[in-house]
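In the block that follows, a single chain appears as structure tokens, in the form predicted on its own.
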């Protein structure tokens, strides 16, 4: 789904590779080959052992809401999306990341299960959007 809203601008080769994978529908995390730690976002060195031997690892796209907020007065370019539910998701693989949850503000709660809504991803719209899984 193309968008006229600002999208992330990669500043490193790792970020460029990451966002290209996301645009292709392959959301991933970094996996350290030296200590087996997984982390997000990708960076040159593992935050646990500082090894530069890591690889991208595809994720299942499911996780649990750790925390959330509802934004009722977003910036002007996102005003038509209000209220926006933004959440920190603990992925089933371990790392946490932030993304939007496509739901009503009243429907979300810490502990709710979510999954990535990958059909919304494209090279023009690489925002990570989750949807609630049934209780």
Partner chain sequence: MNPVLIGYGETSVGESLDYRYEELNMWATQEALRDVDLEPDDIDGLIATAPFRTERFPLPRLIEYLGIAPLNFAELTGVGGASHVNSINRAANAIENGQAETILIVAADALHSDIGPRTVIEELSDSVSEFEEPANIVPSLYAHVANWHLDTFGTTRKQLAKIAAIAHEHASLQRAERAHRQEAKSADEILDAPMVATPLTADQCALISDGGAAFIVTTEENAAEIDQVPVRLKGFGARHTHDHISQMPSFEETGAVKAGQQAMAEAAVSHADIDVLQIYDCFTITVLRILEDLGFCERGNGGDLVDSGALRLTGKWPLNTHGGALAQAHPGMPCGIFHITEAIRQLQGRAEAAQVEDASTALVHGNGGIFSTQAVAILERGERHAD
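Positions refer to the first chain, counted from 1. Since we're looking at a predicted model, the values are computed, not measured. C-alpha atoms forming the largest set that superposes within 1.5 Å between two forms make up the rigid core.
Below: the form predicted together with its partner chain, not depicted.
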Mark residue 42 yes when one of its heavy atoms lies within 4.5 Å of a heavy atom of its partner chain in the model of the complex, and no otherwise.
-> yes
4.5 Å heavy atom contact, residue 84 to its partner chain in the model of the complex = yes
Exercise: residue 75 in contact with its partner chain in the model of the complex, heavy atom 4.5 Å | yes
Does at least one non-hydrogen atom of residue 33 fall within 4.5 angstroms of its partner chain in the model of the complex?
-> no
Counting only non-hydrogen atoms and a 4.5 Å cut-off, give the residues of 57 to 74 close to its partner chain in the model of the complex.
-> 66, 67, 68, 69, 70, 71, 72, 73, 74
Cα of residue 67 displaced 2 Å or more between the shown form and the other one, core superposed?
-> no
Core-aligned, does residue 44 move its Cα 2 Å or more between the shown form and the other one?
-> no
Note yes or no: does the Cα of residue 57 move by 2 Å or more between the shown form and the other one after the core is superposed?
-> no
